[in-house]
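What follows is a single chain, given as C-alpha cells, in the form predicted alone.
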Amino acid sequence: MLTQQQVEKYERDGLLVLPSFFSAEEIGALMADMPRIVAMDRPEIAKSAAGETCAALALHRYSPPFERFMRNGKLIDTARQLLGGEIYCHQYKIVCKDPMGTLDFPWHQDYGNWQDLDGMPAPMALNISVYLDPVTEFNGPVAFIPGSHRRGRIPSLAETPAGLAETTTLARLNRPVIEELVNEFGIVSPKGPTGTVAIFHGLTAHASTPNISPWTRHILYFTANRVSNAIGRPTRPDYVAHRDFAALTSETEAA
C-alpha cells in the first residue's frame, strides 16, 4: 500500500515516481519474452515504415508472462488505492524506443484520447508505467508537467505519431498552452533503474523525445480505469481500448 504522503503527492502533482518498485527478477521474466513478441506479425505489434518496433498492445492476449503480470497484486492494489474503487485494464502496452530510433511523442493529455475516441465518461483513470529498461536522460525519457492535471481537460489537436497509425492518436497541446503550464508548474523527467514505476494521472501533460542512445528503452503501461467509469463509445480496435470491464483481481485473490 502507498503511504498517505505518497497518495497526497500523487493528488497534488498528478505524478508519483517509485524507484525499484518491482524487482529485477520480476522484470527479467517479462523481458525474456520480448524477442519473441517483437518478432510477431500481429495487428497489436506496431512498427514504423522503416521496421522500427514502436509498440506492443494488449500483451495479455499473446504473452503468458505479461498476462500474469497484469494480475500482479502490487499493480492492482496501487491502482485501486489511487482511484478509490474496483478497476479494470483499459490499455496494456509497451512503448518501445529502439536504439538511435525516431519515435517521439508531442505534449498531450491521455484523457483527451480516452474521452474523444473511447467515450470514457470522466478522468478517473491513470497510467502505471513500469521501466523494463533503465531510463536515462539519453534514451527518450518521458517528461511531465506536474500539477497540470488540475487544469482539467485542455483543448487539443488530434495527431498520430509516425509509425503508430490506427493505434495511437494523441490529444496534442499547442505551444502557448505548454509555455503557460511550464511557467506555472515546471517540467520533470523521471529517470531510474529497471523496475522503477511512474504513476501519472490521465490529465497530466507529458511528452518524450527520440532515443539517441545505443540502448533500448521499453516502458510498460498499465492503464487502470474505474469499473464505474467504463468506456461507452469506443471507436478504436479492442486491442487499443479494451472491452472487458470486469474488475481485475490479483493472482492471490483469484486463488
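Just so it is clear, the structure is predicted and the values come from calculations on it, not from any experiment. For every residue, the number given is its place in the sequence shown, counted from 1.
Omitted here: the form predicted together with a small molecule. The next part is about that form.
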Specify the contacting stretch among 179-187, 108-116, 151-159, 69-77, defined as having any heavy atom within 4.5 Å of the small molecule in the predicted bound form.
-> 108-116
Residue within 4.5 Å of the small molecule in the predicted bound form by heavy atom, from Ile128, Ala171, Val142, Val135, is Val142
Ser63, Ser208, Thr53, Thr216 - the one with a heavy atom within 4.5 Å of the small molecule in the predicted bound form | Ser208
Would you check, heavy atoms only and a 4.5 Å threshold, whether Lys97 touches the small molecule in the predicted bound form?
-> yes
